[in-house]
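In C-alpha cells, one chain follows: the form predicted on its own.
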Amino acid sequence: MTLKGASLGAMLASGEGEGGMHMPTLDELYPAPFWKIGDWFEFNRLDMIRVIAIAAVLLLLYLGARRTALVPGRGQSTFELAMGFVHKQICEAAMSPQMARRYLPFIATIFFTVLGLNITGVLPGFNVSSNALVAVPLIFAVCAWVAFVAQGIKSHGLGHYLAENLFPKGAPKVMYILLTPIEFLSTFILRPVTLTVRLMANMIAGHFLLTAFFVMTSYLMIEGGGLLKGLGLVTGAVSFIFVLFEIFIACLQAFIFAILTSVYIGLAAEEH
C-alpha cells in the first residue's frame, strides 16, 4: 500500500530520524534523576510514580476504613468487597480459616500495592508500571519468601522444616544426592525468582506493547494521509483494546502474586 509514492515501510524507516517516529526502548525505564544527593541517592520519574501510587493506595484504603458503620456507605461497601475478595478468594483458598485471618493484612498489603503499582502503566501521564523494573518485584518476592519460610519454621521447627523440604520422604537415601539440590533450588530459590520475573516480564511487555501502538497511531495520524490515516484509526482502536487488556493483566498479576504467596505460606504450614 502506497501513498504519494511513499510506502508505509519507507515512512517508518524515515521516522527514525529527527522529528520522526521513535519506538520505545529500555532507556525509558531508566530516566535521568531530577534529584540527586552525592553518588548514593537519586530520585527519578519512576521513583516519583512509585511514591504517588503507594500514597494513592494508602489514601484509598484509609478512606474506605476510617468510618465503619452498621449500614455501610458506598466507600465502605467497596472497601469491604475488596477485602472480602482477598480474604475469601486468596487467603482462604490456600490456607486454613485461622491462618487466613492472621495473614489477611499481609496478603492484602501485597495485593493492593502490587495492583496500585501495576495500574500506573495505563494511567495518562504515568504510562509505566514501577514493577517493570526488577527492584520492586524482588522486594515483594523477598517479603513472600520470608513469610513462608518463617511460617514453616514456626510450624515445624527449623530442623524438621528443612528435612521435609530437602529430603523427600520415601525416596532412597542415595537419591538425596540428586534430589536435595533440586528441592533446595525449587523451594528456596526458584519460588522468589519466578514471582519476581513473572511480574516484571508482564509489566515490561505491556508497557512496550501499549507504547508502540500509541506511538504508531500518533505518527500515522500526523504524518500519514489517506489510507495511512485510516490505518492509524485501526491502530488507535487496537490501542484502546490493549489498554483494557493491560488493565486486566495488571489485576491478574496482582492476584497471581498474592495467591501464590498464600499457597507457599499454606504449604509451609502443612504437615507432609
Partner chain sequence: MIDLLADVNGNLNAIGYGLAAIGPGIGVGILVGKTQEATARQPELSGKLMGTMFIGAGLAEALALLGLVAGFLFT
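Numbering follows the first chain given and starts at 1. Model, not experiment: these values are computed from the prediction.
In what follows, reference is made to the form predicted together with the partner chain, a form of this protein that is not presented.
A.B. asks: Which one, 204, 49, 210, 216, lies within 4.5 Å of the partner chain in the predicted bound form by heavy atoms?
C.D. replies: Contact with the partner chain in the predicted bound form is made by 204 alone.
A.B. asks: Let me know the one among 241, 222, 26, 59 whose heavy atoms come within 4.5 Å of the partner chain in the predicted bound form, would you?
C.D. replies: In short, 26.
A.B. asks: Indicate whether the candidate residues 197, 248 and 256 are all in contact with the partner chain in the predicted bound form, with contact defined as any heavy atom within 4.5 Å.
C.D. replies: Result yes, every residue of the spot touches the partner chain.
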